[in-house]
Every structure is written in structure tokens, then in C-alpha cells.
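Presented below, as C-alpha cells, is a lone chain in the form predicted alone.
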């Protein structure tokens, strides 16, 4: 049996949910399809700094900014920059009242989910394919065999989007950098030395082609991203079922680093999670195709070194929702207006992200990052 949805959003991440919420605020119904079995099927990642000119602007459009402020993590904007000897080169105090307060990604997603009418999100609905039907309509097939049609199809389904091929032949490419994620639970009580190294907010401990990026989460844990410039084959070869061997493989890259930094991996609780970092071309865009568009990582996947990914996804969702509301009965005018703003914005952010990746891991690291902060403060 085939059903019809006037607006179908594929992906219940921050961008897709923001779009659904802004449409709802404007009296427009939409249906969101997500492959997860439920909202609690997997963890949603760590902390996010939500920018006043993008993520927070989206939350204002969604009518949720006041509720967002209640979720801000006090102390989360504190920062420390170290070298491989654990020498502290710079510290920043927290300013949660400023333009980029920290919030737990899971809490933010829960806020968006809770703001939608029941039944808006269809869980356990993995999209396996989509095809045009003509007249700007599309047909979408789910893994369970269900088929639906839609007048407006929005791909908010991330790096490996099933909707992107309707618009573009571009595919994500490996950036040359991978993360290995891990956690230290109840850090102040169980890992006090590591808690002291990370501090109250974010840690950057950087060297030539590698480093440790960590932050303190609202539950008292430390979330660590071990960054390595390695071939993708190496990161794919890590056996996550053997935690001891995985730790040894990662720490072999840090043999001459300070023991206090190596302990962030050596003492980690639970399994390590390897993640190869991919990106779309910085200038990724497409010609207007009737009845379909993209937002977030599906449109402009980039490395996380600009801090823009989640913020841009939310801004995309808000601006697309507002464009649809501003052009009642003329979806193509709405999509044209949305994409005209999307393309230059995402190109600028993607270029900055690629440049920052190189800056963080250059041969004299952490000097590149230190220079950036100095320049930023001088400009301010």
C-alpha cells in the first residue's frame, strides 16, 4: 500500500527536527522518517557549542530559545590548549552568557522532539531508495517494503544520504584524519588526574598530525576524541571487540607523549569507537530539481574543525521552513530562495573547516591554534 505525505523529511537529526518544528510553528504539517528504532536507540554524541548567528537563530525561529538557555552547560566554554608534553599554552575562562554556549547534543535533540506533535517522527523507517515521479513528486521506498509518495522531499539524512543522488553525484571523501572516541565516566571520582587535565570545558592537546580533543559532559564524564592522521585502512582495521588491543594500537601513535595525556585513552571506560572523517567538496551545490532539496550533512558534510556542522544543519532547517511558509503554494520559489542562501554559506564554512583541520595538526602544533585565538582576540 502506498501512502502520501505532502512534506517528507528523511532524517531525525537536529536539522530535520528543526525544519519540522519551524513548519509546525507556521501551521504546516510534515512527516519525519528515521532509520533508528526509537529516540533512545543510540547515544547522540557529546557537547555542542551553539552559535548565536546560526544554531541560536534557528532556535529563535523554532520558538525554543528560552528552553534552550535552560539546557546550557555552565562552565562548558572553558578551554585549555596543551602540547604533547602536557605544557599548558593557553586557557580560556567560561562565558556561557556569550555567543557560543555549550549544550548536550542529546538534550537539544530531546527538546526538538518534545516540541513536535505526537506521530510526527516515524521511527524504524529506513529509506532504501527514492525516485522522481514527474510533476515534482517523488516515490520513497523503506526497508520494510513500505512505499510513500511526497510533494516535497527533504534529505536531512547525513553523510551517506539516500536522497542526495537525486540532486548530485558528489560523494564524501576521506579527509585523511580519523577520530577514535572514548569516555571516562564519573571523572572527578574515578579519573581525577584526567579530569584535572581536561578541566571544566574543552581540551586541545595537539602535536604533529595527531592530538587529543576532550570535553566535560553534563553527566560528569569526559568524552575524548583521539585524532590521528592515518590511512583509512588503518582506522578500519581497529578491532573494537578487543578493547585492550585497540587501546594499544592507538597509544602506539603517542609513545613520546606525556603519561597524563596517554592516560586519557589507557584509562577509558568501555569500547573505543573509530570514526573516519569524511567531507563533501567545499563548493558542493546542485541545479534546482523540482520537489527535492537537502540540508545539513547531506548538503555540506565537512570536518568538525569549524564547529559549524550542527549549527548549519539547524539554520538550514529553520531557513527552509521559513521559506516554505513565506511562499504558500509555490514550493519551487521556496526551494530556490533557500538554496540561494545555502550554497555560499556552506561553501564558506566548509573551506574554513578544511583550513582549520590543517592548522590544528601542522608540524608545530599547537602553535597554529594558538595563533588563531590570538588573532581572534586582537580582532575583538
Ligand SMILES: Cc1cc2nc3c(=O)[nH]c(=O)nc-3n(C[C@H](O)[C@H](O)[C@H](O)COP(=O)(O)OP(=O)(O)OC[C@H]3O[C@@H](n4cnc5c(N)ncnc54)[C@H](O)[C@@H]3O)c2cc1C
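Numbering follows the first chain given and starts at 1. Model, not experiment: these values are computed from the prediction.
Keep in mind the form predicted together with the ligand is missing from the figure; the text below concerns it.
When the ligand is considered in the model of the complex, residue 42 lines it closely, a heavy atom lying within 4.5 Å. The shortest heavy atom separation between residue 346 and the ligand in the model of the complex exceeds 4.5 Å. The closest heavy atom approach of residue 296 to the ligand in the model of the complex falls within 4.5 Å. At a distance threshold of 4.5 angstroms between non-hydrogen atoms, residue 48 is in contact with the ligand in the model of the complex. Look at 60-68, 348-356, 27-35, 327-335: in the model of the complex, residues with non-hydrogen atoms within 4.5 angstroms of the ligand sit in 27-35. Heavy atoms of no residue among 20, 120 and 321 are located within 4.5 Å of the ligand in the model of the complex.
Between the ligand and the residues 198, 268, 127, 152, the one pair within 4.5 Å by heavy atoms in the model of the complex involves 127. Between the ligand and the residues 204, 148, 257, 179, the one pair within 4.5 Å by heavy atoms in the model of the complex involves 179. Although the ligand is not shown here, in the model of the complex the stretch 12-39 places heavy atoms of 12, 13, 14, 15, 16, 33, 34, 35, 36 within 4.5 Å of it, in sequence order.
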